[in-house]
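We begin with a single chain expressed as structure tokens, specifically the form predicted on its own.
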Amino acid sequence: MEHGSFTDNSAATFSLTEEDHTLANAVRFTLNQDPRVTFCGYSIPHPSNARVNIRVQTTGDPAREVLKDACQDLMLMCRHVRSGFDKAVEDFKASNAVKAMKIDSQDSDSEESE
């Protein structure tokens, strides 16, 4: 839900349900990277309600579009982190498989020499 002025689209408050600090802080960080943003922040009205309010004020661009761009940037960052993580896991598994084979071959060599 968006709360704002009908005449000034450069400032609005967006209320996101079923969300908490995890998403709100990530969106806030991404918004702060955008040079079009003059202010952004979030609040959680009450700890027992799963809802966050994100306030966005811009230099003139519609706040809705700036928030949408920030969410798309955040999705790209998450994809990049996920692909890096997946590659690191694959590399780790591959290196451990080689180490395990070397250990096994060393053990069998030492057994044969006895």
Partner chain sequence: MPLFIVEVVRLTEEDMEFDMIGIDAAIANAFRRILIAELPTMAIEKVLIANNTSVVQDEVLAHRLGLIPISVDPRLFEYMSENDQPNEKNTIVFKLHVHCKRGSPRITVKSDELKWLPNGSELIKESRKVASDSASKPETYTSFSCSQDTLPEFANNPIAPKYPDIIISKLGPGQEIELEAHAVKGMGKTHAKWSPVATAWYRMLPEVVLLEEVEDDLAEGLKSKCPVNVFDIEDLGKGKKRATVARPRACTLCRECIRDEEWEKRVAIHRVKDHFIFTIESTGALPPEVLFTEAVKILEDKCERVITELS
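This structure is a prediction, so every number in the text was calculated from the model and none was measured. Numbering follows the first chain given and starts at 1.
Omitted here: the form predicted in complex with the partner chain. The next part is about that form.
Contact with the partner chain in the predicted bound form, defined as a heavy atom within 4.5 Å, is made by all three of 17, 72 and 80. Interface membership of residue 23, defined by any non-hydrogen atom within 4.5 Å of the partner chain in the predicted bound form, is confirmed.
Proximity of residue 51 to the partner chain in the predicted bound form falls outside the 4.5 Å heavy atom cutoff. Although the partner is absent here, residue 60 lies well away from the partner chain in the predicted bound form, with no heavy atom inside 4.5 Å. By the criterion of a heavy atom within 4.5 Å, residue 41 is excluded from the residues contacting the partner chain in the predicted bound form. Of the residues in 81-95, those that come within 4.5 Å of the partner chain in the predicted bound form through at least one heavy atom are, in sequence order, 81, 82, 84, 85, 86, 88, 89, 92, 93.
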